[in-house]
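Single chain ahead, written as structure tokens, the form predicted alone.
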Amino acid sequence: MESQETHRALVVPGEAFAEGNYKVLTPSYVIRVNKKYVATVVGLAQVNEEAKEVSVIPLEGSYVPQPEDLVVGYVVGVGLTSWELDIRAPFSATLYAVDFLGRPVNPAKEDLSKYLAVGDTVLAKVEVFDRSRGPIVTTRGKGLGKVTRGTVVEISPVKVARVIGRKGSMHQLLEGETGCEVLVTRNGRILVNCPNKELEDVLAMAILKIEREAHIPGLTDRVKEFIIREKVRRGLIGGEAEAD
């Protein structure tokens, strides 16, 4: 439940919305100038006087890669020794064949499209990005590599934090109420695996609802009610569950 001491206001870049000593929950979108807290994006500023915390929920923006970010990429190009991936960043990402295959490749004898073709989906981690060239991603790590099952739901990268929720609360709600596996990546592509197509549709609708209503208080309760109503409407649970 939201604290009664939380105050909200729409802000624009450069606008001060709080003064004093607070913990900044969203350092990418808030800077401190003297004793004032200033927004760096267009968004919804939140000041929690009880917890002494400030944050800004962006209402617009794009994905800026950071090392260690988990991302879902689509293969858009196949080279001699690497693949080019669309990860929703200003530059395409590079995935080297030696990284993906775990061994050197011979460009004269191997066609990389046999392993990953244009249109394939890859779960990867950003390894290097210095803003002077495109990011390099890796598939070394548990669970990383070509995606062979599930569906991708795409939202604005700046709304990712709301799908995760504070201390993972929204993420837990989505999985608990649908029985689906939900993997939220930093570039706004959410990989979901559900027991059936009906639950997948309900989950996708709930995620898009979070994206649309991220700036409105009471979001968690509304999303839970929405999922329950949809499951009842589709006959996935009994009607009596709607009142629980």
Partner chain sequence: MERPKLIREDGLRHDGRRPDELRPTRITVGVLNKASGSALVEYGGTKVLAAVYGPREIPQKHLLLPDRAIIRCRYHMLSFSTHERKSPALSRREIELSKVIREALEPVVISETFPRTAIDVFIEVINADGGTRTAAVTAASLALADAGVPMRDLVVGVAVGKVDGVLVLDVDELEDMFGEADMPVAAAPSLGLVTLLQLNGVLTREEFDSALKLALRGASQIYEKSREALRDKYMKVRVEE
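All figures in this text were calculated on a predicted structure; none of them were measured in a lab. We call the rigid core whatever largest set of C-alpha positions still superposes within 1.5 Å between the two forms. Positions refer to the first chain, counted from 1.
Not on display, but discussed next: the form predicted in complex with its partner chain.
Based on heavy atom distances of 4.5 Å or less, which listed stretch (49-57, 62-70, 173-181, 194-202) is in contact with its partner chain in the predicted complex?
Stretch with heavy atoms near the partner: 62-70.
Do heavy atoms from each of G77, G141 and V163 fall within 4.5 Å of its partner chain in the predicted complex?
No, none of G77, G141 and V163 comes within 4.5 Å of its partner chain in the predicted complex.
Consider K23 of the chain shown here, and say whether it contacts its partner chain in the predicted complex, taking contact as heavy atoms within 4.5 Å.
K23: no contact with its partner chain in the predicted complex.
Examine T81 and determine whether its closest non-hydrogen atom to its partner chain in the predicted complex is within 4.5 angstroms.
Output for T81 is no: heavy atoms all beyond 4.5 Å of its partner chain.
Does the 4.5 Å heavy atom contact test between A39 and its partner chain in the predicted complex come out positive?
Because a heavy atom of A39 falls inside 4.5 Å of its partner chain in the predicted complex, the answer is yes.
Is there a heavy atom of K35 lying 4.5 Å or less from a heavy atom of its partner chain in the predicted complex?
Outside the cut-off, so no.
With its partner chain left out of view, which of G168, P107, P90, G145 would have a heavy atom within 4.5 Å of it in the predicted complex?
If I apply the 4.5 Å criterion carefully, the residue I get is P90.
Going by heavy atoms, what in 188-221 lies within 4.5 angstroms of its partner chain in the predicted complex?
Heavy-atom contacts to its partner chain in the predicted complex: K209, R212, E213, H215, I216.
Comparing between the shown form and the other one on the rigid core: C-alpha of G218 shifted by 2 Å or more?
No, shifts by less than 2 Å.
I31: Cα shift of 2 Å or greater between the shown form and the other one (core-aligned)
Yes, shifts by 2 Å or more.
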